[in-house]
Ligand code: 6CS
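We begin with a single chain expressed as structure tokens, specifically the form predicted on its own.
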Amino acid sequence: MVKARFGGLALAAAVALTAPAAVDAAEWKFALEEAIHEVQGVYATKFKEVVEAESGGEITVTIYPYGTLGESADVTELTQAGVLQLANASPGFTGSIIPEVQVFSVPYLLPEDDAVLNEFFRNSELIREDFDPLFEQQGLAVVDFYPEGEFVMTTKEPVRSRDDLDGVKFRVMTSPLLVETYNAFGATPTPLPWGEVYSSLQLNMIGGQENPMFFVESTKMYEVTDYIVFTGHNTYTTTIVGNLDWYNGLSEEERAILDLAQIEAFEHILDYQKTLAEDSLEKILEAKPEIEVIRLSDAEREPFREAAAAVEAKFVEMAGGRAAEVLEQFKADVEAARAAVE
């Protein structure tokens, strides 16, 4: 069972979009970075189901899929302002306001084994407790962290070594550390809003991008790229945040409902993802049989792992503050997860 974020309590209440200062205890507005049928939408749908059932229908959850209220940075700002009660705010974007959370962008830190990875997200002291004050300084309460799948690169040209990325304009999220990562990998990192990625690939303005397999399939990134490359360098992580003032104003009963919804949605999304990557790859190969899948061997991955050491050092330098402590705790939590599984 995942460690409860709120020590046995949880959340509820809401704010109208048109009047951020007026609390509406019957509705929680929840914005996503993805479509309703994608991983975040599946999590949010389960979350909504539990909240509404446990509250006897007195609390409703209104879900706003990607694009409804803008890009990722927009929904984070709306949550900080109290216009939204809840939002997905992935570290690739929140790293610009909470530098320490960029630790999730350091390649080859997260375990590649799914059992170890899931145990890490269930019980990591860092993500279940230590990040809370950093988010609170930005007017946000952390509700959950969960993985969304291994990153794969989709590229115009084959990638079997760092040399193959030399000079390639590679789209990254607007995260300083992701820029450093792809610099270390030999590419030319190009931060772009998600809405511009497909057309930029189509027009050869960029030569690659990274995302979990399900997202490559659902957004049809394979249509405008020719290679799918498994490097094992990272897993996409998302955070669910709540407006801090809204969270602090919740009753004990409302917090208990949120706590239960978070736990049940977390376990549901891990179960949902068991075969998701493989199923998505099958759909891609059916739609575009000529696309080439490249799985780097351990030997081929080694130069990328070596490059990760420089990114790790850069994280400590760039993030400052508690970055070194965060990195140390992250590694300790991974080792604890590995020991628990073994």
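Residues carry their position along the shown sequence, with the first being 1. Nothing here was measured: the structure is a model prediction, and the numbers come from that model.
Another form, the form predicted together with the named molecule, is not on view; read the next lines as being about it.
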*Which pick from 100, 217, 148, 119 sits with a heavy atom within 4.5 Å of the named molecule in the model of the complex?*
148
_Can you work out which of 93, 266, 185, 247 has a heavy atom no more than 4.5 Å from the named molecule in the model of the complex?_
93
*Kindly confirm or deny that 28, 79 and 87 each have some heavy atom within 4.5 angstroms of the named molecule in the model of the complex.*
no
*Determine whether any heavy atom of residue 171 comes within 4.5 Å of a heavy atom of the named molecule in the model of the complex, and answer yes or no.*
yes
*According to a 4.5 angstroms non-hydrogen atom cut-off, is residue 194 in contact with the named molecule in the model of the complex?*
yes
_Taking the named molecule as it sits in the model of the complex, is residue 212 near enough to touch it, meaning that at least one heavy atom pair lies within 4.5 angstroms?_
yes
*4.5 angstroms heavy atom contact with the named molecule in the model of the complex for residue 131*: no
*in the model of the complex, segment of 42-50, 282-290, 29-37, 269-277 with a heavy atom within 4.5 Å of the named molecule*: 29-37
*Considering only 223-248, what residues come within 4.5 Å of the named molecule in the model of the complex, judged by heavy atoms?*
236
